[in-house]
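Next up: just one chain, as structure tokens, the form predicted on its own.
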């Protein structure tokens, strides 16, 4: 959902480096957690590969609203793979997207941070709500909304903090425009929440082992 669709040169070099450094720090932590696991979860790595392919494909489908919005399945990635592997998945997706012109190369660091926020918050919400909301569909839907909301907040903060070169607007005007974009994104997030809920429910019926044994 949230993605910084800006060309290279939109951020100053300083902020490009800052966001890349933050993203690489989180990626480094994720790699450490994956490598330090007592036993590699090959099943989860396999599902991560499928998530990468599916999310990259659907990421390129633009809904012609407010200049183009899209579904990216980052909350689903978080639910199925967890935040560590999910962080690596969204990094790969952002690199592949930049390679075909979907966002500048210098935006990969910032966009990876945005998507990691979506993955981590969706996963945390999914796990925290388990005792009080055992149903897969509503819990996946709420986790999706929570993840995408945090992703939009992260997107707004990164752009406002960095500033956009060549834009003759004040911070208030930029914030107002971004808030409107986030509102549109959250409207589409409702659709993504429904889709994610349906997918998770189906997986719970046919392959509950991918959800740690949870069934509808």
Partner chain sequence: MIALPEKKGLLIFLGLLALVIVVSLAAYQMTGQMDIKERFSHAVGLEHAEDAGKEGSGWFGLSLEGSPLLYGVTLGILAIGCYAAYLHFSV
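Positions refer to the first chain, counted from 1. Just so you know, these numbers come straight off a predicted model, no measurement behind them.
Omitted here: the form predicted together with the partner chain. The next part is about that form.
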Using a 4.5 angstroms cut-off on non-hydrogen atoms, would residue 137 count as touching the partner chain in the model of the complex? yes
Using the partner position in the model of the complex, report whether residue 141 sits within 4.5 Å of the partner chain, counting heavy atoms only. yes
Does at least one non-hydrogen atom of residue 194 fall within 4.5 angstroms of the partner chain in the model of the complex? yes
Since only the chain is shown here, I'm wondering whether residue 27 would be in contact with the partner chain in the model of the complex (any heavy atom pair within 4.5 Å). no
Within 147-172, the residues that have a heavy atom no more than 4.5 Å from the partner chain in the model of the complex: 155, 159, 164, 165, 166, 167, 169
